Structure formats: C-alpha cells, structure tokens
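Next up is one chain by itself, shown in structure tokens, the form predicted on its own.
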Amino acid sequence: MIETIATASLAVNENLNIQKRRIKNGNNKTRLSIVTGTHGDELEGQYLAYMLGKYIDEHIELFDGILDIYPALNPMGIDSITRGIPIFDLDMNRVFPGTKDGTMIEVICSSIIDDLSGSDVCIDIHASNIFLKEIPQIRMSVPTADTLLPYAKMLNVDFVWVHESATVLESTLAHTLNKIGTKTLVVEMGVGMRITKEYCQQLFDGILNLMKSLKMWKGETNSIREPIISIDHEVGFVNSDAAGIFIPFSKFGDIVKKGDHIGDVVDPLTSKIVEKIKAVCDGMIFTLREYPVVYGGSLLARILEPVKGGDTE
C-alpha cells in the first residue's frame, strides 16, 4: 500500500508529495521503518529500498509484521541530483523536528516525524558525498549507545562509530526520533551519486537478520559479520597539504601502521609527486577519498586506531 504522508503545493499546479510503502502481513504488530533519500545525492538507499520491497513481495508468506519503506524524503533533491532541497538550498537533515505552523519544509518535516513515531526500530540510510567513500557503518551518540548497540550489531556493518560529540546533531531526523523514544540507527555507506551493490547486499542481509530477531521474518538469513565498535578509540584524519590528483595505494578495511605510504598527490602538469601521503596512526582505514581532485586541507582518509593494548580487529 502506497501512502502520502506529507504534501505541499508547488508552482504550476504541482505538489510535493512524500510517500511511503507499507507492507503488512500476519498478526505481528512489530513495525520496522526504512528511511532514505533525505539527501538527494545519496542513492545507495534507493537501491536497497527496491531490493527489500521486492524480496518481501516474493516471500510474503515468510513475513510477519509491518515494514514501512520511505524511499525519498527529499524527492526534489533526488530528481535534481541536489544534496539539499532545491530552490531553498537547505539541508533537510538540519530542519527536524519541524513545526506545524512554520515554513513549507518545517511542516513537511513535522509530518514525517509524526508518521515515523511509534516505529519499533527505524533505520536511516545515508551515503557519503561525492568526494569520500565509506565502508558500511553505523554512527550514534554516546547517550543512545546502550539502547542502539544491540540492534547495530545485527545489521552486518563493518564498523559502529559511537561519538562523544555526535555527528547526529539535534536537528537531524535520527536525533529527533531517538529523543522521543523511536529507536533510530544511522547507516553511512558507499559514495554520493552512485550505487554500490555489494554494500546494499551487505546491509540487506543485516536487515533480514534484524527482522528475524524481531520475529518479523521466518525465512533463512545469511551469516552476519561482527562489527568493530569504536566507543573510546581515537580516529586519525589524513588531510592533504598540497593540491593535485590523489592516487590511493590502500583500500577500505586495510590495516596500516603509522607512517605507511598510503597514497600520493601528483601534479599532472609537471608529472611530479607533490606529496607522499602517510598514515597518521596505526589502525583500519574506514573512509577513503573517491574524488581524486584535492586541495590543501582536503580529507583523504579516516583511520580507526586500535584499542590500547589490543588489535584494531
């Protein structure tokens, strides 16, 4: 069943409609919500929404519960390949919880929160931007970790990043929902404007595993990896000092030592290496630059330091 959860009038007799698809079967009242498309240049979740809905349709007899799929919270951004909301140049994920008597976008954000409220679990799926590629990971704030970590471990991600000072800001969808008691996990994976099928499959397996735990899924599930969990680890940021083209030598998930040569910044005009990029600490590379043009200060990689006295893994 397709439902319109928020609508607003646009120019030339058009409407902005935010829609969801509800799949309901059996007697289990447990509700899982899958949310994506908050940023119009993040498309990994679009493919995952398709995969999940199609698979449940084909095996509906094995499904018992309520699955709500919100594939495009920012449909105008997706249509125009724009991160924010076109015309307004506004990041939708800085407007929640919205308000009933505010601007058009504030009213829409308020309606979205009302509709998602009451979900037993919500998964908010994001990709990185066009510059960086991220291994599948879940990010959360320290105050929510005790509640969310058991669910995060079921989702087949490589890494769970618990922030003291969270990237989950107060104006985001996830912070708002967690604050009102709707358990919401933020997934980051892949790269902007692209679809990484293997990452989508990885998270798909994790969602089925979570559904199995919630007694929503009676079918088979694939084995799930144990994520690295960073609560008090340090994260090393590798930035360029020079401008040029970044050529990485390392890959996602590589374990490196401080001082390892992980890439070069080269100058196409002079055919010279203008900077040798070295790891700033021991650990695992979990973010790596995808877009090769860099300037002084550009982020090239993030490295998760190992637990003191132990291994990164």
Partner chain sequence: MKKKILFSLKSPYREQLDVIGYKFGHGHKSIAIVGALRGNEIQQMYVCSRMIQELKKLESEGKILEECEILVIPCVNYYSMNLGKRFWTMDNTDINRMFPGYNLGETTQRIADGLFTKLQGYEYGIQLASFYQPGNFLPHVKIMDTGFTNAEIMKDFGLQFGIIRKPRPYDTTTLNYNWQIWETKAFSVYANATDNIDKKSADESVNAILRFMNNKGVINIKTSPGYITEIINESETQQIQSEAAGIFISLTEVGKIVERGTLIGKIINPFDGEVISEIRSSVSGIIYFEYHSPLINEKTVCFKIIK
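The structure presented is a predicted model; accordingly, all values stated were derived computationally and were not measured. Numbering follows the first chain given and starts at 1.
Beyond the structure shown, there is the form predicted in complex with the partner chain, which is absent from this document and is the topic of what follows.
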Which among 253-261, 30-38, 284-292, 53-61 is in contact with the partner chain in the model of the complex, heavy atoms within 4.5 angstroms? 284-292
Selected contact from S128, S240, S110, N209, since only one has a non-hydrogen atom within 4.5 angstroms of the partner chain in the model of the complex: S240
As a check of understanding, the residue in I224, I78, L90, I229 with any heavy atom within 4.5 Å of the partner chain in the model of the complex should be identified as L90
Does any part of D205 reach within 4.5 Å of the partner chain in the model of the complex? Heavy atoms only, please. no
Residue-level contact is defined here as any heavy atom of the residue lying within 4.5 Å of the partner chain in the model of the complex; does D115 satisfy this criterion? no
Should S119 be classed as touching the partner chain in the model of the complex when contacts are defined as heavy atoms within 4.5 Å? no
Do I273 and the partner chain share at least one heavy atom pair within 4.5 Å in the model of the complex? no
Partner contacts for 99-130, taking the partner chain in the model of the complex and a 4.5 Å heavy atom cut-off: D101, G102, T103, M104, E106, V107
